[in-house]
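Just the one chain here, laid out as structure tokens, in the form predicted on its own.
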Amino acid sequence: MGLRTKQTSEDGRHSTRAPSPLTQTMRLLRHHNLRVRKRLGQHFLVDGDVLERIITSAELTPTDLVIEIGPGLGVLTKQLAQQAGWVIAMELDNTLAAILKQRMAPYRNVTIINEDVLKIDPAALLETQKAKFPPEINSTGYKVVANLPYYITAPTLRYYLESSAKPEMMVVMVQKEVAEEIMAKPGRLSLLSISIQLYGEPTLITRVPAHSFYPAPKVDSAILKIIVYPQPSVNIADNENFFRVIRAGFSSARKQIGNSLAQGLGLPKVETLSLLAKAGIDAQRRAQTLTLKEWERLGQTFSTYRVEAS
């Protein structure tokens, strides 16, 4: 159930406590003769206080189902298993997945999946695993908890938020600058921030310095909590067209929205200006200044044009 070590207390007597996450990580790496694979974004969280903040922020109960992405050596996985009803840990690295299965063997409420998280639809994953869950597990309102590899942060967030089986909450470790971008307000919005705020409300829990990981990355991180809405925050009749318009708007972010949309959508400038006027959007504005409601109007207006033009 975890490594333990002896420590001398102030009164001279020996007490027993669990070793720090850093000690656990170093022992496991040495024991299994492992080298960190930086190309897979492997930076193991070794700060106990940060681990506690993640667990607390997830507000876990014995009926919760948790999907953990990128569990690594399982330091966070063990904490999740002790708090949640069931944990599905998804690990891409074959060696780490094998170690996880060994380490998590005492926990009957943990399933290790050795697959690419972006190749397994969440709805399909839950369907294949639900036979294992005891009756009290709430599999329709699962939570995602993850120390995300930086290079798959945006794809993973969108993959789960756009799924037919969305989580009710996500508590994720991401690069600090990415967290700030996700939480941006109109004036600094981006394709990423719109993609997340469309589906949920992001909150910054705390910033996490680089030395909280082994090996330390070159940048600081942050814990981000996203409460997922039952429905998107704006009305979208055609998801594909909505993001097609947004991508076009941000294709030349420094340009005026009239120019960006005309170029990005391949439309005549005069038609683009007419559609912007119809949506009540000043053609001289920049994409980052538009609110979600204004993007909603643009999506609807340009969708109507596409139907008429066809």
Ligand code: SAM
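Here the structure is a predicted model, which means the values were calculated and not measured. Residue positions are given as counts along the sequence shown, with the first one as 1.
One more form of this protein should be noted, the form predicted in complex with ligand SAM, which is absent from this view; the next part is about it.
Enquirer: Would E136 show up as a contact with ligand SAM in the predicted bound form if we use heavy atoms at 4.5 Å?
Expert: Answer no; every heavy atom of E136 is more than 4.5 Å from ligand SAM in the predicted bound form.
Enquirer: Closest heavy atom of E162 to ligand SAM in the predicted bound form, within 4.5 Å or not?
Expert: The answer is no: E162 has no heavy atom within 4.5 Å of ligand SAM.
Enquirer: Would Y151 count as a contact of ligand SAM in the predicted bound form, using a 4.5 angstroms cut-off between non-hydrogen atoms?
Expert: Yes, Y151 sits close enough to ligand SAM in the predicted bound form that at least one of its heavy atoms falls within 4.5 Å.
Enquirer: Is there a heavy atom of F44 lying 4.5 Å or less from a heavy atom of ligand SAM in the predicted bound form?
Expert: Heavy-atom contact with ligand SAM at 4.5 Å: present for F44.
Enquirer: Would you point out which of 197 to 205, 90 to 98, 103 to 111, 121 to 129 contains residues with a non-hydrogen atom within 4.5 Å of ligand SAM in the predicted bound form?
Expert: In the other structure, the partner sits against 90 to 98.
Enquirer: Which one of M170, V117, I182, V174 is close to ligand SAM in the predicted bound form, taking close to mean a heavy atom within 4.5 Å?
Expert: Only one option qualifies, and that one is V117.
Enquirer: Just one of V178, L191, I236, V75 has a heavy atom within 4.5 Å of ligand SAM in the predicted bound form. Which one?
Expert: Contact residue from the list: V75.
Enquirer: Just to make sure I understand: among 59 to 88, which residues lie within 4.5 Å of ligand SAM in the predicted bound form, judging by heavy atoms?
Expert: Read in sequence order, the residues that approach ligand SAM (within 4.5 Å, in the predicted bound form) are E68, G70, P71, G72, V75.
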